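Below, in structure tokens: the form predicted on its own, a single chain.
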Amino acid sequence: MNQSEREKAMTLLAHQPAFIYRLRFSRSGSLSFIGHLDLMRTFERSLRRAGFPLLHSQGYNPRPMLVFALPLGVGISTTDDYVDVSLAEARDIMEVMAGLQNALPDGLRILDGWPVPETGGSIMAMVTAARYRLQAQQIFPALQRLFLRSEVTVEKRSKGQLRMLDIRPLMLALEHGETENENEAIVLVCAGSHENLRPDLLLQALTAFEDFPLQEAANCGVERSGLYAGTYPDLKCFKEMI
């Protein structure tokens, strides 16, 4: 059997029923500085260590069926993120949460979880907005000025090419942090597979348009504190979608 025949044979395998569990998790500390692929490998290996039968995609190059709602950039911590885990057999959700938590390294915590139907659609396609907490000297007034602009055009690298992008339509809302000081800001931006504003592009715009210090932008603390579905302003937080 040659390679093309093997590939065809793999695609003809019978469908395996998937038992999907949506897990809400947080990431902090040194684990905030690993890339998305490393985060995926960490979850995969932890699930294996915990003894869960992780389901793999069918085809010539099977991959573990772990689907994250929105990839996390390097250096971004999170208090409210989601991953769909597909298992080959049904398990109690409390067993999945506890077993995985015991196998995960420090810095990753399972906060909540619930089963979702196999026909529920891709979690990645549901994301339309994200909430970020930004911490840097005098970042709130700088963002206030940026939000007053009608156009904010920056350079964005996409598929190896630079293009100009007006990110102002992707900037949805700005508010003070819990302490209501000038060194903390909460921003709501478009996110997901269709339209996505990364925090680094927002900080890039601050330095270009508002003379925000490069050092403050480079050292800005970034925490993702919420993911949403729906159309702004009628958004629904993921943790409410049980």
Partner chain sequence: MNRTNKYAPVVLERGDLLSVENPARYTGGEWGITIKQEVLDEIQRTGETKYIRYAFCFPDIYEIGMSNLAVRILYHVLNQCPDVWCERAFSPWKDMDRLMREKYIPLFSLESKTSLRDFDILGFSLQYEMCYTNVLQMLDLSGIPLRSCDRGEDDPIITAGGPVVYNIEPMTDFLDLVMIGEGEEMIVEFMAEMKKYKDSKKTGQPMTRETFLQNAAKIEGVYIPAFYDVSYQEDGTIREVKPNRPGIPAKIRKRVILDMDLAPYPTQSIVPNTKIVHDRAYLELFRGCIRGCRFCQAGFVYRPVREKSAKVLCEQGIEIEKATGYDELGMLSLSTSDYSELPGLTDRLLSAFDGHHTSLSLPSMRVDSFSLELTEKVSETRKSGLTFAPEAGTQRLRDVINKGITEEDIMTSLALAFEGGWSSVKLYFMLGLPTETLEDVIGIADLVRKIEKLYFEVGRKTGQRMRRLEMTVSTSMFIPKPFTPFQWERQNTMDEFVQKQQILRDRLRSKNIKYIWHDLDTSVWEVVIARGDRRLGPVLLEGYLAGHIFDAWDDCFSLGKWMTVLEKHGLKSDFYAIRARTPEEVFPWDHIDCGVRKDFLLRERERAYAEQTTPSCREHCEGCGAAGFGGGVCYESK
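Residue numbers count along the first chain shown, from 1. Given the structure is predicted, the values throughout are model-derived calculations rather than measurements.
Separately, the form predicted in complex with the partner chain exists; it is not shown, and the next lines address it.
J.: Ile123, Arg168 and Ser225 - do all three of these have some heavy atom no more than 4.5 Å from the partner chain in the model of the complex?
T.: Checked in the model of the complex: no contact with the partner chain for any of the three.
J.: How about Pro62 - does it come within 4.5 Å of the partner chain in the model of the complex, if we only consider non-hydrogen atoms?
T.: The answer is yes: Pro62 has a heavy atom within 4.5 Å of the partner chain.
J.: According to a 4.5 angstroms non-hydrogen atom cut-off, is Cys220 in contact with the partner chain in the model of the complex?
T.: Within the cut-off, so yes.
J.: Although the partner chain is absent from this view, report whether Thr42 comes within 4.5 Å of it in the model of the complex, heavy atoms only.
T.: Taking the distances in the model of the complex, the answer for Thr42 is yes, it comes within 4.5 Å of the partner chain.
J.: Wondering, does Gln215 line up within 4.5 Å of the partner chain in the model of the complex on heavy atoms?
T.: Looking in the model of the complex, residue contacts with the partner chain include Gln215, since a heavy atom lies within 4.5 Å.
J.: Tell me which stretch of 157 to 165, 102 to 110, 87 to 95, 136 to 144 has a heavy atom within 4.5 angstroms of the partner chain in the model of the complex.
T.: Only one stretch qualifies here: 102 to 110.
J.: Of Glu195, Asp38, Glu182, Glu175, which one comes within 4.5 Å of the partner chain in the model of the complex, counting heavy atoms only?
T.: The residue in contact is Asp38.
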